Every structure is written in C-alpha cells, then in structure tokens.
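A lone chain, given as structure tokens: the form predicted alone.
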Amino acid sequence: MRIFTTSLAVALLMSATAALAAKDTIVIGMQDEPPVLDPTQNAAAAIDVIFSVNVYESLVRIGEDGTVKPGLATSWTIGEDGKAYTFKLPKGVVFDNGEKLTSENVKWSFERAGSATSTNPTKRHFANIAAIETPDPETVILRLKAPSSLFLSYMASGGAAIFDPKSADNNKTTPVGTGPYKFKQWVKGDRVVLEKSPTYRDPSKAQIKQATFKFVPDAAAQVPALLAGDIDAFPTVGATETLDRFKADSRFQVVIGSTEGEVPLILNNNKKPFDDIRVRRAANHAIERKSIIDGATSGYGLPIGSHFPPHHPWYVDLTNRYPHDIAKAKELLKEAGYPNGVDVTIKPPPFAYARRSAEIVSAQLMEAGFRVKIEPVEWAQWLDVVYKQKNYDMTVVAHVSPWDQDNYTRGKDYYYGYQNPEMDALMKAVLAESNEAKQKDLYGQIQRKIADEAVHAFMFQLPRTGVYAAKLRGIWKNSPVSVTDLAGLSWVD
C-alpha cells in the first residue's frame, strides 16, 4: 500500500509538472499547399511561408517592420558607387546535412540562380550581378553592373536562399538549410512538419520545438478546426465572416493587419479581348469595389486603383481613375467592336477571397455586357494553366511580394502579357535612383502608368485576418513578406 501511495504521488507530481511546462509545439493552418518545397524552383508564396527564415536562409531578411535586417550575413557594407556589396558571414555555420557554410556557397547559389538554364522565379534579380568574389570563407563581395535601390530587398527573398550544392537538387522534396528549423516530414495533401535544428548556430533562439503546417483549403473547414483546438494559429482565415465569433471567444485572439498582397482582376493583355485597352478600361468601369470587398473579405480589405500597397507612404490613391459606370463600360465595349457584348472566362484559384471575388465580379461584368463563365481551378492547375501556359482570359490572385512592380517589365513572356517601353524606362530609372524624394515621384508615375494602361482591374489589398490561440506570443500583425517567423513564437502559461 505504501509503495502504491508513493508511486501515485510521484505520478501526480510528474503530471502537475508537465501541466505547468510551457507548450513547445504548434499547428499552423494554411489555405494552400506548396507544390514543391524549394523557393528557387517555384513562385508559390506558400513555400516561403513555411521554409524561408525557418529552414532556408538568405543573406538578409525582411523584419516585421518591413526593413532589411541581418539574415545569414551578420553585417554588410555598400561601396560609395553603390555597386559593391560586401557581406560578412558567421563562422561555424553548418547545413542540416552537416556540410559547412562558406562564401563559396553564396557564390554557387547566386551563379545557379542567374544562369541561362535557371528556373528561379526571381532570376531577373541576379542579372545585375557582374561579379562575385570570395576573398575568404566568411566574406562575399557582390559587384553590380549598376546601382539598384532594391538590391538588398531582392537578396532577402526566398529565391536568394543559400544552398549546399550537394543537397540542392533534392530540395524540392527534402529541404536542407542553415536555419533554426529543419525539415522532418511532408504528407502531401495534409501537412509539412518542421523540427528545431540541433545544429543551428544559436540553439537558444527558438522555443518552439516542432511546428506543423496543416493544409485546410476549405474556408468553412478552417473554423471547426480552430474551435476544436486542432489548429493553434491561422494567419489568414478565409471565412472572414466568422471573425466576430472568434473575437467573442476568450480562447482566441483575432489580429487584423495588412499584407503586401494586391488583389486585381487580372486581365490577359496578350489575348483577345483584353489586348484592346478599351476592353480593359470597360472592365475597370464595370467593377464596384465596395461590394467586392464586403463579399470577399467581409469589409476588411482596402480598395486600390493600382499596384501599390495603401499602407506605404508613397501610395497614390487611384481608386477614382475608373469610377463605377456601366454605361461607360458598354460604350467602350461598343467602340472596341463588341456592341453585343463579349464572351470571357474567369479562372480563380481555390482561395476564399479569389473564388468569392470572382462570383461578385462576374455579376458586375455581365451588367456591362461581358458574358462571363467561371471555371474554378485548383492551385496546382492554376500554376500550370494560368501562370505558366498563360491560358486564361481573367483570374484573381494576390501578388504578395514586396516591391513587385517590376512584374510590369517582364514582357509578354510573363502571364500578364503586358509590355510597354515607357514602363521599362520608369522601372530602370527608379532602380538607379538613390534620392528618396525622386524615388517617391517615380513610383507615383509607375502607379499612374499601370492604372492608365488599365493593365488589370484593381480591387483591394488583401488583409491579414489572423485567428490565434490566446496564449500564443510573437505573432506578426502585418505581413511585409510571406514568412512565418517560428523562432519568434512562444507560449505563455
């Protein structure tokens, strides 16, 4: 009896101790699953959300405040001519596979990214590098062909991640990096699991020992998963109409912030009927933003009239450039040779904001004379058919990369199908400009040019509609880049 009592006391004590211990795992919900696990091979933002800064590291990173901060490099200097960037690397850094990091890894990764055979979605960002020097294992010097005001921001992207040559070819399915976390498991269609890396250079940095990214594409299914405690955090809840319910529940915290995600009705400028600016302008006059925002994001989105985030001080409000005017839209269609209307198709991916926007926009377009068919596609199909093959008339998707106005200089090979030498000249000028006042003016001209050309019909800036367990700390309110900073997360008792 005495032995039993002692054992019971020990068991109760152990149970109490375990109950008092801070939680060290987390399950994070995501709407979309990455098609591959390597950001240098695919443009899907979901790859960066899981792996950038956690597993893969770039020389620098973007902080929660949107500024450039040290990443893999501990410091850097910029030459007086603005064309020489010298980065210092820490000593003793190893990849998950045990290989040591040196400046040669940076040289190899960047030469690979900018090579003629590269499929890196940010390949254009490396075209300005004239030479890469590695004077010692902890120093790398990047010499540019011309100064670039956005070069450091480019070097913070997932496409600029530093790889080990021995593992790079397998990173699509088995990621290897230098970050505070390492890849553990990918169950396709369900989850990706990361665990704290035992070889990371600063073991005390991360408190979360294991993170599971759970894929829940159905917006309706996200709610019961959160309520049941199966998911601890959902940074972008699709069913925004349920947020008030979570606000009233003490088990949760609802955090509303901004993102870099401009959401346009994307028009294929290289295909009829949207190769005609009059038809594109007709579509712009047909849309009514408030109804779209109310229906797609429950009013949380901010209206936009061009490709630039409203939270930025250089934003120009162009939402009145094309006032909602059905009569004007019909007149423009008639001028373009479509007096009896025109058949068009929208191919929205499976995200709640995209599908909901497509439904509302289609009704608005039909009032103006467009005969609209909606063809929903899954994410992998969207990346193939719409993004790669450019086989579409219209689509809806958020462009979440910061400073991505250079998409309008990618020519007809890019899925916008848009090309204009004047836009190319403006982007070239702003990249070469170091004076902030002049940069602001040039970005204003870029915003106006995109709107005047009616490249797309701009609708809203995607909000960050996050629902999190009440005891979770370290959450980013805003999303200046598509990352999840696991090392900054922790639980309170």
Partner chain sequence: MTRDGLLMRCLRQRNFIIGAILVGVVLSAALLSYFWTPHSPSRINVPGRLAPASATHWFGTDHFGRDVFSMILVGSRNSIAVGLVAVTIGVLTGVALGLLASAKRGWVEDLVMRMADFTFAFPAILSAILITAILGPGTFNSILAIGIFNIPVFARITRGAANAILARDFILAARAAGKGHIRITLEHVLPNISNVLIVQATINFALAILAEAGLSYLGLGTQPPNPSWGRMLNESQTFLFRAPMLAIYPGAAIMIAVLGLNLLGDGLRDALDPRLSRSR
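In this text, all values refer to a predicted model and were calculated from it rather than measured experimentally. Here the rigid core means the biggest group of C-alpha atoms that line up within 1.5 Å when the two forms are laid on top of each other. Positions refer to the first chain, counted from 1.
The form predicted in complex with the partner chain exists for this protein as well; it is not shown, and the discussion that follows is about that form.
Colleague: Is the partner chain close enough to V223, L227 and P376 in the predicted complex that each of the three has a heavy atom within 4.5 Å of it?
Modeller: Contact check passed for all of V223, L227 and P376.
Colleague: Please pick, from G295, G411, P90, G341, the one residue with any non-hydrogen atom lying within 4.5 angstroms of the partner chain in the predicted complex.
Modeller: Checking each option against the partner chain in the predicted complex, the one that comes within 4.5 Å is G295.
Colleague: Pick from V316, I360, L302, I141: which residue has any heavy atom within 4.5 angstroms of the partner chain in the predicted complex?
Modeller: Of V316, I360, L302, I141, the residue with a heavy atom within 4.5 Å of the partner chain in the predicted complex is I360.
Colleague: With the cut-off set at 4.5 Å between non-hydrogen atoms, does R281 touch the partner chain in the predicted complex?
Modeller: Heavy-atom contact with the partner chain at 4.5 Å: absent for R281.
Colleague: With a cut-off of 4.5 Å between heavy atoms, is E241 one of the residues that contacts the partner chain in the predicted complex?
Modeller: Contact check for E241: yes, within 4.5 Å of the partner chain in the predicted complex.
Colleague: Since only the chain is shown here, I'm wondering whether D275 would be in contact with the partner chain in the predicted complex (any heavy atom pair within 4.5 Å).
Modeller: No.
Colleague: Is M423 close enough to the partner chain in the predicted complex to count, meaning some heavy atom within 4.5 Å?
Modeller: Contact with the partner chain, no.
Colleague: Thinking of the partner chain in the predicted complex, which stretch from 329-337, 131-139, 195-203, 351-359 has heavy atoms inside 4.5 Å of it?
Modeller: Selected stretch: 351-359.
Colleague: Could you tell me whether the Cα atom of A206 shifts by at least 2 Å between the shown form and the other one after core superposition?
Modeller: No, A206 moves less than 2 Å.
Colleague: Superposing on the rigid core, does the Cα of E375 end up 2 Å or more away between the shown form and the other one?
Modeller: Result for E375: yes, a 2 Å-plus shift.
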